[in-house]
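A single chain, nothing else alongside it, follows as structure tokens in the form predicted on its own.
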Amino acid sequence: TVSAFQFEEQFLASPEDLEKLRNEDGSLMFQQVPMVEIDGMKLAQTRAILNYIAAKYNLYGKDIKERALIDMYSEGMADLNEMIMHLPLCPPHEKDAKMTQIREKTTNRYFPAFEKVLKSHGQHYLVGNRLSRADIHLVELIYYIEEIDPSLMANFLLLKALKTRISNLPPVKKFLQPGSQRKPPVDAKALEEARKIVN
């Protein structure tokens, strides 16, 4: 089951905030964010953070083979997610080509692969018939894709069912409500604000 994992976010408001973490505090092992304080540790690097939280809350498979599948699926999702995240960085004259690439990779590469996994074993989740971080990442990715173009989901009935199933889990349902800690997709304005802090 998914846990009602509680967290408090602290955002960097200025370059000075980042410098303090880098120099005075020593919290940023590689001099960059994100960094999560959990269980007496200061963890850096997104994948390390995600893996730790997934393992802590039983979302990382029951054995090494399941973890390998979860990692493989998550890395595939990261490839598509990265294309989406880089969209606001695109010069205007390249945006249409980038959107075409995202649509093509979504409908011809990534979503068919995950649909095939679900169809191949007939279970409710990608790995071991139990919720994992791969399912959660996939549903997050589906939300991003639907914000770009909802029609891209038309042929993926099992992915739609997975999204509905996970979105109705009480902690997830609460997280998806307006006013929650869920962040909207990064846009040009948010990107510019981040650049002011990290550059």
Partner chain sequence: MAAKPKLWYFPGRGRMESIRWLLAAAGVEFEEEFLETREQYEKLQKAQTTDGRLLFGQVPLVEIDGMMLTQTRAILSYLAAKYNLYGKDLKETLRINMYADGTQDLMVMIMTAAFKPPEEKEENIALIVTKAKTRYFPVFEKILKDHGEDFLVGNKFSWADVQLLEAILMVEELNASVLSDFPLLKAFKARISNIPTIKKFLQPGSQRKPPPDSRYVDVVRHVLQF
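Quantities reported herein were computed from a predicted structural model and do not represent experimental measurements. Numbering follows the first chain given and starts at 1.
The following text describes the form predicted in complex with the partner chain, which does not appear among the structures shown.
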Proximity to the partner chain in the predicted bound form (heavy atom, within 4.5 Å), stretch among 153-161, 135-143, 167-175, 54-62
54-62
Heavy atom within 4.5 Å of the partner chain in the predicted bound form - the one residue of 90, 72, 85, 97 that qualifies:
72
Would the partner chain be touched by all three of 39, 48 and 113 in the predicted bound form, meaning a heavy atom each within 4.5 Å?
yes
Report yes if any heavy atom of residue 128 sits within 4.5 Å of a heavy atom of the partner chain in the predicted bound form; otherwise report no.
no
The partner chain contact in the predicted bound form: residue 109, any heavy atom under 4.5 Å:
yes
Is there a non-hydrogen atom of residue 43 within 4.5 angstroms of a non-hydrogen atom of the partner chain in the predicted bound form?
yes
